[in-house]
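First, one chain by itself in structure tokens, the form predicted alone.
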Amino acid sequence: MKARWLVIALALTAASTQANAFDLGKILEERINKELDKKDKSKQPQQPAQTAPAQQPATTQNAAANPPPAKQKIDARQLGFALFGDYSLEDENRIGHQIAGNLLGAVSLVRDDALQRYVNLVGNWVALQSGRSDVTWRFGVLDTEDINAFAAPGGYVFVTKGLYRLLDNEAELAGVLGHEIAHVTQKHHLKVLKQSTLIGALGQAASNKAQGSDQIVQNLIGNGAEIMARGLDKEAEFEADRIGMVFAARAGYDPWGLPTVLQDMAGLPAKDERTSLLYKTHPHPADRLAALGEAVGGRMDNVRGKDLPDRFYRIK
């Protein structure tokens, strides 16, 4: 049922999107530029037509030419939320739903029910090992040859078709999904939003429990494009690699599935167009491998898990 919901409910958002000849990175960047243009225009004050006085004192003219900087009012509730508050589960779900919907507005899911159902089964099994039973996990494969994966708060996880084609077995898929699941469990994206200059808008929305505040969330995340195109800092990615590896191992998979995928990605040509957005949102796979090897050391040497290459669903 979860796979069918993902294919039907979320895919409706992207029903009008063309799947062919599409550049995910370009589309996300265009959405960011549009949002920034809107914000700049909204900040420009409208100048009403006025008749200038015949004469003004010199001090008044100087004051008009060089107005003092406007004093910024600090909302104590917003400041309190920024310093000590946290997002509720409802906030997390609303933000994640908005980001996922906007992402699917840029690129559709692969129209293969069996594939989507399989990825949801594997993803939900790995997610059971994460301890986040308070969210509804949803997984999907995006119809683009770009090599990348995305997560959004509230349990939304997407893998591109290009990345899926690089995988050779179920353990590798579990490792990739475990990495994205870790972003959700560690609330990495929510931390980015909280640190952003737009924190005041959400702080006010959360404290007032505003009705119909989806537009506030929409403004906060910038159509979901900025947070996806900007990516997370490298420490968050390194942490997700470590935790994702553990989640996959807990689920009974070979823990070295994710490092194998990173090794395969590191071996791709430097100018491969499919990885252009990947390197904007993630550290280089070689750097991730080095950090992962240093952190894990020999702790996983005696862990035995399954690869399950025969059960791995291969895209036709």
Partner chain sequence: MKRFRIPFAALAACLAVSTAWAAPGTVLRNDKLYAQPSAAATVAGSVAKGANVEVLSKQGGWLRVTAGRTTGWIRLLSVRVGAGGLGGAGIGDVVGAATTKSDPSRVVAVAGLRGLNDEELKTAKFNPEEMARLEAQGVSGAQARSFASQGGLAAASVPALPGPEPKQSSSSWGNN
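Positions refer to the first chain, counted from 1. Because the structure is predicted, anything quoted here is derived from the model rather than measured.
Omitted here: the form predicted together with its partner chain. The next part is about that form.
- Contact check for residue 282: every heavy atom lies farther than 4.5 Å from its partner chain in the predicted bound form.
- Although the partner is absent here, residue 235 is a contact residue: one of its heavy atoms lies within 4.5 angstroms of its partner chain in the predicted bound form.
- Using a 4.5 Å cutoff between non-hydrogen atoms, residue 122 counts as a contact of its partner chain in the predicted bound form.
- Though the partner is left out of this view, residue 138 does reach within 4.5 Å of its partner chain in the predicted bound form, counting heavy atoms only.
- Residues of 165-184 placing a heavy atom within 4.5 Å of its partner chain in the predicted bound form, in sequence order: 165, 166, 167, 168, 170.
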